[in-house]
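One chain is shown next in structure tokens, namely the form predicted alone.
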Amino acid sequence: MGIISVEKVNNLFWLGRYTQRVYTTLQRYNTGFDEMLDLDVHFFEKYCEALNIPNIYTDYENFIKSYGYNTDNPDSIISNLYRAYDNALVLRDYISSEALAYIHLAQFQLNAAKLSDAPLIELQSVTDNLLAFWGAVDDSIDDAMVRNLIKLGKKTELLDLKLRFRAENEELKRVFGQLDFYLHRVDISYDRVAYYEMALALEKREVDEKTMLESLENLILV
């Protein structure tokens, strides 16, 4: 495919980030849905604090509706899915029509869940279509650089969320190793100081989530 413009590199990276963000937060949302109905009506407060997003929700029912489906809420799952689709749309010459279609289907299913009295089936379909999207990235995109940029974004977002949700050190090391794999297979600049600070903290098991998140934010220079 030749040289990829800086703009398209950015789109590919963020396509990976937004699809992973939707996938992971949707999993947490589904877990929290059950917890709030059965046990912990304050789940959403702790959730917002972990993600460092404004707690604009009046109660758990408002959280379920607004965080899941409100396109006017910039932090909502559906807003992040729309951002993923916007990036995919401008990349239609780089990714396959099949990959683009799976994100479009995920949008359709998330909007269907909004109208459903029992949305779990539709929400599972959103998850399934995101998994199918990543499968299509592997199977139908021939350009290795395009695939690796999407996956770099995906692993960057996954590490970000693992840190915010305070995953165990071994899990953080595992995801950092995946990020490292793709980072060194793409032709983009990155902050080597931030990279080595993160690697050293994980090796010494001295992870401070706030410091690591700041290093991760500065790592990829796109």
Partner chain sequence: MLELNKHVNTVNALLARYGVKFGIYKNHTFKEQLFPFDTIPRVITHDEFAYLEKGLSQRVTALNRFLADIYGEKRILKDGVIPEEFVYSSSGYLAACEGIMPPKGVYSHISGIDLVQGKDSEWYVLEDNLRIPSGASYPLIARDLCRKASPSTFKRNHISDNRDYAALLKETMDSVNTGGINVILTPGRYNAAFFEHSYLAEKTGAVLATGNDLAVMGDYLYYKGYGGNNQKVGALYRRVSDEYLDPMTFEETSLIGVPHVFDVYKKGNVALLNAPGNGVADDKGIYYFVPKMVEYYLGEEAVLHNAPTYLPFYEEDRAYVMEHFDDLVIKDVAEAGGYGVVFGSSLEGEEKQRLKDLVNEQPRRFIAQEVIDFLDLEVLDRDGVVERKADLRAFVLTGADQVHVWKSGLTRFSRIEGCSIVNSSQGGGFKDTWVLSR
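Everything numeric in this text was worked out from a predicted model, so none of it was measured. Numbering follows the first chain given and starts at 1.
Although not depicted, the form predicted together with the partner chain is the subject of the following passage.
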At 4.5 Å between heavy atoms, is S189 in contact with the partner chain in the predicted bound form? yes
Report yes if any heavy atom of L131 sits within 4.5 Å of a heavy atom of the partner chain in the predicted bound form; otherwise report no. no
4.5 Å heavy atom contact, L216 to the partner chain in the predicted bound form: no
Taking 4.5 angstroms as the cut-off for heavy atoms, does K114 touch the partner chain in the predicted bound form? no
The partner chain in the predicted bound form: contacted by all of K8, D93 and S97, heavy atom 4.5 Å: yes
Tell me which of 65-73, 150-158, 166-174, 181-189 has residues with heavy atoms within 4.5 angstroms of the partner chain in the predicted bound form? 181-189
Since exactly one of E122, D139, D86, D143 fits, which has a heavy atom within 4.5 Å of the partner chain in the predicted bound form? D86
For the stretch 102-118, I need every residue with any heavy atom inside 4.5 Å of the partner chain in the predicted bound form, listed N to C. Y102, H104, L105, F108
